[in-house]
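The same protein chain appears twice below, in two forms, each given on its own as structure tokens and labelled structure 1 and structure 2.
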Structure 1
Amino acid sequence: MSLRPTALTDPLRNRGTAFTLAERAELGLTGRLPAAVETLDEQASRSYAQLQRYSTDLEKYVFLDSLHDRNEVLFYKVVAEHLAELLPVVYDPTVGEAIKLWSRDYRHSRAVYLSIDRPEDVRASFQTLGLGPDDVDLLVVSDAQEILGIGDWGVNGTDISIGKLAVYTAAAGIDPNRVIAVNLDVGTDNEILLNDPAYLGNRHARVSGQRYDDLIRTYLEVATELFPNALLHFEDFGPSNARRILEEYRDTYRIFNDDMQGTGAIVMSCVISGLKITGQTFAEQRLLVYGAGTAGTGMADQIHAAMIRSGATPDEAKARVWLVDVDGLVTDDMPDLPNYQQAYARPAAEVADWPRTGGKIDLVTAIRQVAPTVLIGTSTDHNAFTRDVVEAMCAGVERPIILPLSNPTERIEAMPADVIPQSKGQALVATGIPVPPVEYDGVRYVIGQANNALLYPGLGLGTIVSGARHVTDGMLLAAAEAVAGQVDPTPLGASLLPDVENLRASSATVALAVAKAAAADGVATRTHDDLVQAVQDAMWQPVYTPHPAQA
């Protein structure tokens, strides 16, 4: 029996058993479906019940991934109805497990693959989609060098672009018909992949230097020329490339680096909430970042800028930031200091008499010397925030903000179930992964999820609605304040961030603030009489609209 492509095989058009008899006749589907005509609600109940039969999150991921490839509306209906439960399945942390197995479990190909070995194919690869200049709002691209906290996964990292896009749609109603997931396959340095016969990517080491830079430039030029209104989201690039690309191109193209800017902004939200409790200003903070790569230095940049806005001079602000990386406290006498750490390297003379272990100033020592008000973990160093670390933080300040942000679960610096009791309930904690509340001394501590997923969907929606030419610092700050503005963190045990359950409403609020900031910064290209309504109207809903053939 021949199974030629039909509306049943196109996930963007497919409705399965929800196709009416008239639609079935119109679309050439007569006799191709069982007799029942179901509602979307009935289909969603069945799919959710099917999902419950799987016991592991990875199995659930595979089930939802195939639903996504079968019927896009139904997939988003199920995810939207169970957002807090399913976000960790379609996204972080489960997506990390799926990425490790991606080539072996290869099922489908909804992304665009751009190969370093065929740069001449970039344009043709996008043209195969048959999309016009007004058809695309958003592209998410990754070269997969630093996927979450699990490192280099080459073409397997395609699923991070797809997962980030799924969150854009589930959380902020970005139209899934108007997005493109992209993998830049520049090779991989992951020996496991290079020696795995099942690996599907370019089987050579990562290419860097001029050829890499040329591919990035070609991608930016071609994507912008073909889809001039689209936001170009960069995800999980290595620290040096992430920063270089953002700095070089952010004034020319509409680009956004989620790990630097999105994470920086969600951390800003946490600190804004924390300061409502401590009653301090940004200029009074002392920030220690443990793991000074893409995300860590991106956060340092945004908190440094906030210190200046709240009254510190640039030098005073810089003197309130400390980075600790693999070689301990980052100082300006260290050889081969990467460019992204240089701005915050401490003068060696300043720390000459600080105690050293194995020649380096370790995390606990730095905390004892500095008494940070904010400790951020973006190191991938699992369990690095030991009891000693937490106690040293509490010895320095009354209510330390402690943010173990590394993903996925096997990389997190500390679990709140340990940090809360170790700090006797004093630490203000948020994590990158979702974690349950902690009961301690009769109080229920709700732990906010400081994952950029709470921020970037609304930021993207606001950028699209306003047609912003660039993503400005003002838009990032507006997003951070809009997220923090949705919670009252002052009751004991309250979360620093809004609940994931309310993510859709939260994203709309963020989008509104971002669109206003785009206008204030002079980068908006679209004006709306009623911005609130414009944001609502822009949010795609998982419903079956009248079929074109019936409309």
Structure 2
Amino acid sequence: MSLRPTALTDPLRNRGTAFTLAERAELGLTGRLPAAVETLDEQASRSYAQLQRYSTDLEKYVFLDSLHDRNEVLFYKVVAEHLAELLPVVYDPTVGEAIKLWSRDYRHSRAVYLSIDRPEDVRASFQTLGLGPDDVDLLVVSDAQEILGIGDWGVNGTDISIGKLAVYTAAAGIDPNRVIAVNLDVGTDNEILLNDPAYLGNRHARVSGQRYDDLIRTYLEVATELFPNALLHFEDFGPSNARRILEEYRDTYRIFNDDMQGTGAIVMSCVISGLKITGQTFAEQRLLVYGAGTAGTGMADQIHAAMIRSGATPDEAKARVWLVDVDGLVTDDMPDLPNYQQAYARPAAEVADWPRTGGKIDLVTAIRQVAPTVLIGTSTDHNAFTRDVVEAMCAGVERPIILPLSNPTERIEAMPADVIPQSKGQALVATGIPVPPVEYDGVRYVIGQANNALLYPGLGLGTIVSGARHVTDGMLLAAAEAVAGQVDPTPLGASLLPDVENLRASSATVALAVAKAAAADGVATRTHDDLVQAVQDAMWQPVYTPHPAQA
């Protein structure tokens, strides 16, 4: 019996009951399917009805994952038609629950696994795919050290890369035939996994140092050599590694780190909208970040770059950024400062006479001393933005931008239902989780969600369309401006960000802006007579195309 995949077992070719009778005869499928010949719309309607029978998001995730494994077109048809509803199911937060169970519930492999114990296999691992240099647009890679706030999950984190690619396709039409999910299995420090007989990854502690760096370098070299036109997306790396890899390689390879650059850019969108209300420029902002990990410092990086573009010198921009972490205000005399915090550590002499609580300069004290215009929370410190914090922000500036971005709900720094009345409606608020509008003093305040999915799919599409050699700060800023440009934030209570309901149209808008910025920054390698049409043509659609006969 032949072991070659048939049109029914290959998810990229399978269309199930939508195969016509002629196709069934041509492909050797006569008698293999029920008599009815359905349309894709009919299949999607049935699949969505089946999905609704499940009561939990994790059950829905498993159903959609199985559909993804047998019929990609149908999977993306269902997800694209119900994107706002299903985005949290196919990715964050549900994927986090699925990852915890990944080894025990292992069903199917959709990824390339690169083991730190066999670096010599990196090239061969990609070559088994049979893909040529012009066949791949995007790779998403993770070493799963910092998964969505749930920590180190080793090879279980594979679904992070797969889920990210699913969002790229559903939201921006990145062709699923031209993407690769990659897991870097460097071990894990998760004792639960190391002692779980079902765990499928390398059963040793997480490797760091030279061996780790060598694997990263080998991955970048081989992936770029084999797929020279592909964007290399890094996801959920640990804070120190994420920043170090990005800084070392962003000018050499076509790489993008969503945790740092994407999150930073979507926060930029919030601030851009806020500045339309305050009438200020980026160069006039004073930024305080509470929770100075990868995400928080990535946001600081993007706003710092915007300050410079707005007229500040690098030193002036740096002097307008403050970080507060678990040990209080980050200062340059603190021992063992992570490399990602060192750039913004304040001179100890500058704050020597500031009041201290328990030996550290706490959040409220820092706000009272700095009078920040923008407060960002990425701390996972639930309810850290107290009434005192909000009132201190409002005492410093008339319309403070307050962004409690930690998720899920039990980790958010403050709920808008508290911030809005505490600020007497003056705070400009967006969150990292979806929240309902807030009614206050006769006004309905719509709260935008700083969801990276508003930005990174379009950024990726624009990078692909333009053939950009690198992802520049100008491209990130263009993406942020394109997101912010889709809403009018000036009416009282208006959202700072667009909704995800029209994500495909939004992603096309972002892609167009990014491609233009790539050309302006001199990194584009492709030109188009009609860039708008080029973006549309590049967006894969979940439709059944004419089916070639089985070879």
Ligand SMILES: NC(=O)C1=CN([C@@H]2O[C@H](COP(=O)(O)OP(=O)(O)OC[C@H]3O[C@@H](n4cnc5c(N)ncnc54)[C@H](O)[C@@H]3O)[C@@H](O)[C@H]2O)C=CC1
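Whichever C-alpha set is largest while still superposing within 1.5 Å between the two forms counts as the rigid core. Here the structure is a predicted model, which is why all the values come from computation and not from measurement. When a residue number appears, read it as a position in the sequence of structure 1, where counting begins at 1.
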- Task: Could you point me to the form predicted together with this ligand, 1 or 2?
- Result: 1
- Message: Rigid core superposed, CA of G462 - does it shift 2 Å or more between structure 1 and structure 2?
- Response: no
- Is there a C-alpha shift of 2 Å or more at Q285 between structure 1 and structure 2 once the rigid core is superposed? yes
- Task: State yes or no: after fitting on the rigid core, is the Cα displacement of F385 between structure 1 and structure 2 at least 2 Å?
- Result: yes
- Supposing the core is put in the same place in both forms, how far has the CA of A414 shifted between structure 1 and structure 2, in Å? 3.4
- Give me the C-alpha shift of S423 between structure 1 and structure 2, core superposed, in Å. 4.1
